[in-house]
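Below sits a lone chain in structure tokens, taken as the form predicted alone.
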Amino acid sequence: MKRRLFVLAYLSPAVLLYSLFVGVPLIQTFYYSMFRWKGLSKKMTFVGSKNLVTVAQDEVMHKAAVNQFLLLICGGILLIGVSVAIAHALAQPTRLARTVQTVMLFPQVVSIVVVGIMWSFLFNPRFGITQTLGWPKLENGILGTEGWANVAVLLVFCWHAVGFYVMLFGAGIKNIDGEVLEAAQLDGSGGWHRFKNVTWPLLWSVKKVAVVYVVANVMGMFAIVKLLTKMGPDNTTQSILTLVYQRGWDESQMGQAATLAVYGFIVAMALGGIASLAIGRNPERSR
């Protein structure tokens, strides 16, 4: 009982703050989604589930959902694959490996706003790097061309996040028992075979964290899209959060904005759960 009271005493401030700044706004969002409201007006008209139906039939919402699904699949596979490969290559405790890891963490310490502005300059069709290299030859530039703009968002998203995942998988690889790897090597398992059958399965806990983080980062995509492409061209790079911003502040439809936020929350929770289940059971506990 004393131990439980001790734990409760230490957890209660964090739980209180979390409930106050996360739980209460979340409940308010669900509440506001049932009203037609401009946000700054005291007049609120109850519409029930009408906002849910309106948002579900919105073509721009469909574009945003498809964009984030494709970014989740393509970005997740690319980001985790590249990160694992780099982390495995830098597993040796050399000065060069530590230097590369430090350099790759640089985008993480830079504000996401700075990242968006910097890459918008690099992709500028008049004086950016694509203009200097002369490729690809696009009339409106990369950010003004459908398809290419989504590729640019994917590239910047992965560039900004890859350092964190390299560090995450690097820590997981270092925590693998060296005797297990030595035993596999003595059994004649080397290179790709050892990584596939020993290293990769033993990164179970790290993989689970990484996948959940990817889902959270993709569903929280806002600044990169807003600063890099301004949701264009023709809403082809729209995300759910940028659409929440547009509906809430640009169009003064706070009820629909809250409904979009509710959809985003439900989808994020569902995708996080599906991703966790897809990883499977911990191989160390299944023996």
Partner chain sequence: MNRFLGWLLLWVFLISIVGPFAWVLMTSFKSGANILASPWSLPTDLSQGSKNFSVAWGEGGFAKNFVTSLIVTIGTLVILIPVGSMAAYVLAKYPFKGSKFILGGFMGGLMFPNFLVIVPLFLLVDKLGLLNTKIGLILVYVAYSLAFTVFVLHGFFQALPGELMEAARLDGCSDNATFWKVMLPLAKPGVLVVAIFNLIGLWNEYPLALVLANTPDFTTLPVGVANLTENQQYAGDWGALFAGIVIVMIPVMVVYLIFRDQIQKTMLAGALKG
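Note that the structure is a prediction, hence the values are computed from the model and not measured. Residue numbers count along the first chain shown, from 1.
Same protein, other form: the form predicted in complex with the partner chain, not shown, and the subject of what follows.
Under a 4.5 angstroms non-hydrogen atom cutoff, the partner chain in the predicted bound form has residue 159 among its neighbouring residues. Proximity of residue 28 to the partner chain in the predicted bound form: non-hydrogen atoms within 4.5 Å are present. Taking non-hydrogen atoms only, residue 150 never approaches the partner chain to within 4.5 angstroms in the predicted bound form. With a 4.5 Å cutoff on heavy atoms, residue 168 counts as touching the partner chain in the predicted bound form. With the partner omitted from this view, the residue of 180, 78, 155, 89 that lies near the partner chain in the predicted bound form is 89 [heavy atom within 4.5 Å]. Proximity to the partner chain in the predicted bound form, defined as a heavy atom within 4.5 Å, singles out one entry of 241, 34, 55, 65, which is 241.
Candidate site formed by 74, 176 and 185: none of these residues places a non-hydrogen atom within 4.5 angstroms of the partner chain in the predicted bound form. Looking at 103 to 124, the residues that come within 4.5 Å of the partner chain in the predicted bound form, counting any heavy atom, are 103, 104, 105, 106, 107, 108, 109, 110, 111, 113, 114, 117, 118, 119, 120, 121, 122, 124.
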